[in-house]
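Shown next as C-alpha cells: one chain only, the form predicted alone.
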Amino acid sequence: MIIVKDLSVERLDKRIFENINLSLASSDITILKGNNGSGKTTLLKTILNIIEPSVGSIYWKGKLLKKNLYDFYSNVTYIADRTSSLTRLTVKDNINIWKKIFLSNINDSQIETALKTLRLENYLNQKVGRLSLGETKKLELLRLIIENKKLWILDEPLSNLDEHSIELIKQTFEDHCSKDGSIIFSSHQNPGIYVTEEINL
C-alpha cells in the first residue's frame, strides 16, 4: 500500500527526522515510537501529504502519492492526537455528523453495540466538552468503524485510555488486519501490540 523512501524533514534549519524508510502492505501494522517531540506527529503528517518533506518520496499503490491523492484519501482514516469532535455538541450529534460526512452505511444497532463496547452508551446526549480525555479519545476512535477505511493512520491512539480500552483497541487492530486492513500509529509507550515494523524516532 505505502512505501516511504529516504524521508527527511527540516524546519528552520532543524532536522526533525531523516532517512526514514518504511513499507506497509495489507494486514501490516507499523508503529512509530519515540518520546514527545521526537517527530512522530510530523512524520505522520508528512505521510498524509499535510507537510512537505525536505527529501524523499512517498508512494501509494505503486504511484507517487501526490499523483494518487484522491484514491489515497478515499482509503485512509486519520485520527490526530487532538479530537476532531465538536465539543459544544453531544456525542450523538457528532456521530450523526460523521455518518453524513463519510456517507457511512453503519446502522443504529451497530452504533449502539460499539458505544456499549466502548462504555459510552450512557453519554449519548452528553456534550463532548464535558467528557473526560479518555472518553473523548474513545469517541474519536469510533470514527474507525463509521468511516470503514482500509488504512488507519493514528497519532497516539492509546493515550488517556484505561486498561480495558487499550485491550479493546488491540482487538480492533487485529480484526482490522484480518480483513486486509493496514495501520500506522504512533506511541510513546510500549503498547504490547504485535507489529510488523517498528520505527524509532
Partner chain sequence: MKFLNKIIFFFYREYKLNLSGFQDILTNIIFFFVSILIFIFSIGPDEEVISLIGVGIVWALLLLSSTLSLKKFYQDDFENGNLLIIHLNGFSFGFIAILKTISHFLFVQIPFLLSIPIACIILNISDDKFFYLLTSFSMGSLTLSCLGSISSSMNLMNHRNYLLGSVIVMIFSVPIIIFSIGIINIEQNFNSLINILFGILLIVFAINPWASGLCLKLSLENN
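Residue numbers count along the first chain shown, from 1. In this text, all values refer to a predicted model and were calculated from it rather than measured experimentally.
What follows is about the form predicted in complex with the partner chain, which we do not show.
The closest heavy atom approach of Leu89 to the partner chain in the predicted bound form falls within 4.5 Å.
For Leu64, no non-hydrogen atom is located within 4.5 Å of the partner chain in the predicted bound form, even though that partner is not displayed.
Taking the partner from the other structure, the partner chain in the predicted bound form has a heavy atom within 4.5 Å of a heavy atom of Lys45. Residue contact with the partner chain in the predicted bound form: Lys179 places no heavy atom within 4.5 Å of it. Taken together, Lys5, Trp60 and Ile146 are entirely out of contact with the partner chain in the predicted bound form: none brings a heavy atom within 4.5 Å. Shown here without the partner chain, the chain has Asn96, Ile97, Lys100, Ile101, Phe102, Leu103 in 96-122 lying with a heavy atom within 4.5 Å of that partner in the predicted bound form.
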